[in-house]
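Shown next as structure tokens: one chain only, the form predicted alone.
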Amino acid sequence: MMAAFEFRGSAFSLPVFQVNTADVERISQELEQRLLESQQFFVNAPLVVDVAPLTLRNADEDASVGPLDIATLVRLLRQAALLPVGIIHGTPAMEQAAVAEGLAVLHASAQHGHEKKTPVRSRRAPRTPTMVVGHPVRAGQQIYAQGGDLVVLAAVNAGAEVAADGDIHIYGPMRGKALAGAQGDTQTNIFCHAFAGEMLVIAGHYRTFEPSHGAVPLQAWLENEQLMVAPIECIS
């Protein structure tokens, strides 16, 4: 008889909600605006709450407002239809408060962006062969290239999602979401032959886009922990 349940290993790309201030009121005000700009992409989305900017810097610029109120922050996120599932880089007190609110305590498998880094590519284990997808990725479909790069030779339609631990190359029209560096590799890139998409994500850093009738060749990468995009002039 088949077992009633199993514990299985898996790999998911979760958005990271990085907390840069202990001022929850300020977070609330900016969150409302960000959610309007993101076109509801994050509604009911699981989030990892990263508090490293508060725990790693020497002096808190918002010390006047006191320490971060984890319980209030979690309630704020849930009221915004977001689903915080874990906390990372917290102090013992923060972790205890997060557990009391039903969150898991997570531990980073790689160095955090606020710490001194060795370039990721020099530490990277050998990749698996590149995954090549030759058919259109339709709305509601998800493609994930675990351990390597992803090449899509056809269209990625609106509502579809493609992800890879390495780089992503899309040679058909790109109208959905693309997530490179799904396991935290900040040196990955996204290349699109004809981009008119919804969202780009690299190692947890995201950028959303308004619907567009035109499509342009585009490259995305991380620079100083910011997701940068630029047209590719010489693509053919």
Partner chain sequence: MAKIIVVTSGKGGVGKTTTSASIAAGLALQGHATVVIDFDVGLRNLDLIMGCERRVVYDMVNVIQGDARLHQALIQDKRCDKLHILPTSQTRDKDALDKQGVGQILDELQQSFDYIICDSPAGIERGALMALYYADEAVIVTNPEVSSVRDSDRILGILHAKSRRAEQGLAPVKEHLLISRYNPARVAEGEMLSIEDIQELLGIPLLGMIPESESVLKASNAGTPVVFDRESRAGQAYADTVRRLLGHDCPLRFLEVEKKSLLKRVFGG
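Because the structure is predicted, anything quoted here is derived from the model rather than measured. Residue numbers count along the first chain shown, from 1.
What follows is about the form predicted together with its partner chain, which we do not show.
Between 67-75, 157-165, 83-91, 99-107, the stretch whose residues reach within 4.5 angstroms of its partner chain in the predicted complex through a non-hydrogen atom is 157-165. A residue is said to contact a partner when one of its heavy atoms sits within 4.5 Å of a partner heavy atom; A139 meets this definition for its partner chain in the predicted complex. Its partner chain is not shown here, but in the predicted complex it comes within 4.5 Å of a heavy atom of E198.
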